[in-house]
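Look below for two forms of one protein chain, each set out as structure tokens: first structure 1, then structure 2.
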Structure 1
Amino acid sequence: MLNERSLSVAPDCNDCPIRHRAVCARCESDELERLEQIKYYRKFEAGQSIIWAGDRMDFVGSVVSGIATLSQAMEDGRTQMVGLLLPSDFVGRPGRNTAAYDVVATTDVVMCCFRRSPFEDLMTRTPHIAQRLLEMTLDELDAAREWMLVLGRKTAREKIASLLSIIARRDATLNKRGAAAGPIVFDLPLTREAMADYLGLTLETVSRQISALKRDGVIQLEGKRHVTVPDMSRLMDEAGDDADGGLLV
């Protein structure tokens, strides 16, 4: 049986994150085979809508590369982002056939998809898939609740610092860099408007607060998107989090 530690020895597992990261890290090889038979890839361009809320949704899948956002809108246009999909994140809900949120590709995106009903069949037959999905969903729930604190109780400056912390952290884990001491460097994958939608702010406020953090030396900016964080603990301080405690995104 495979487990997360032994993945590197399963050579043909590397082209599809679904298998080893998202869904079935612990599946028997014949289960992997069945997953393999129903999977397919889809590509989306930056800015393209992947799913509209309310649409019929006949697949589930996970992000292979690129970044997508998950958001909901009120009739008058107010928009709140409710999730940020990075590589290995899962989209779709077994047992529901319409999408609850808009999913938009922020950069070029490749997704690994499974038609929903065969996937559901497979899930009922292979307990590990349901357990892995449960684990992932609980992580997402924790992340959502962390965001509720950000949205409900933090100031604009703290919100921006929180977002930067999270992006820095996720970027570090994606690139396999540990919690290296010293400056942290990354590119913002979102426009000011997308950040505003994530944080419940306006794009003007986002811009002003980023300028303020730059002026105060908390971050350095090169161009509009390239960020250097000279002192990560300073940034987390600005975010209002206890130093080690955890943003779980």
Structure 2
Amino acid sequence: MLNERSLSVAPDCNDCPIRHRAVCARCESDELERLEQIKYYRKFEAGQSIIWAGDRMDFVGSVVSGIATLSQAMEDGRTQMVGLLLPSDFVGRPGRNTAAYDVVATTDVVMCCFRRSPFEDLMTRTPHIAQRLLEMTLDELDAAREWMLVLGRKTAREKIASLLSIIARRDATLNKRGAAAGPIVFDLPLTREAMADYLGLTLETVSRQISALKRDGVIQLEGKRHVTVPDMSRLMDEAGDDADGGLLV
């Protein structure tokens, strides 16, 4: 069963914060009008399930705001977080009737959804949509390969810095700010426990490394989740990524 809460006011496409990164990024005005006919918005509260693995998925869509997790359950009941969905990321797979992963909102999430069958039909008639979805899929593949490097080769400090840099750089991109524009401020969407699960670390190690990054001035922390990155290049150095992209594509 899909939990949802309707939006009283739907965002206008021209003012959409993900307009130039989402699946509709390359669409012309007439193509946007076609998408408009099959789209609707859903809002999910933090902790609420968006879809469970194995459920019939009658929609696809983009995260407009907020962050969700992708998780997969094992036969013995253990679960593993396998990905994060950040603003502009695409949920669902055209051509697949059921969800492959559990998708859960970690913050309040707004999604721009499209009915799956009409969206699949529109893809065949609108090359700009199919092309953009292919680009996003290849970007996701590249990011998954990079994440294998994070999990397999990086130190605990580099893993924490990598995750922080992914979230910080996505925030900067969506707000059209570069690293040179000043500090980047964001709320960490994951608990320490979730970060430990995602990064393959213990809770104690995560807490210790975050404290070390704070002590060394790489990040500033108010409470447990409000993060300021004074110098993005320094955080990326800590992550072991280069200055022109690293993990975020």
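Keep in mind the model is a prediction, meaning the values are calculated, not measured. Numbers given to residues start at 1 and step along the sequence of structure 1. What we label the rigid core is the largest C-alpha set whose atoms superpose within 1.5 Å from one form to the other.
Q: The same chain appears twice here, once per structure, so which copy is the form predicted together with the DNA?
A: Only structure 1 matches the form predicted together with the DNA.
Q: Between two rigid parts that rotate between the two structures, there's a hinge somewhere. Which of A144, Y101, R157, L203 is there?
A: Answer by hinge criterion: A144.
Q: When C-alpha atoms are superposed, by how many degrees is the smaller rigid part rotated relative to the larger between the two structures?
A: The smaller domain rotates by 17 degrees relative to the larger one between the two structures.
Q: Quick one: CA shift at V227 between the two structures, core fit, Å?
A: With the cores aligned, its C-alpha sits 3.7 Å away.
Q: For V218, what C-alpha shift in Å results between the two structures following superposition on the rigid core?
A: V218 C-alpha displacement between the two structures, core-aligned: 5.2 Å.
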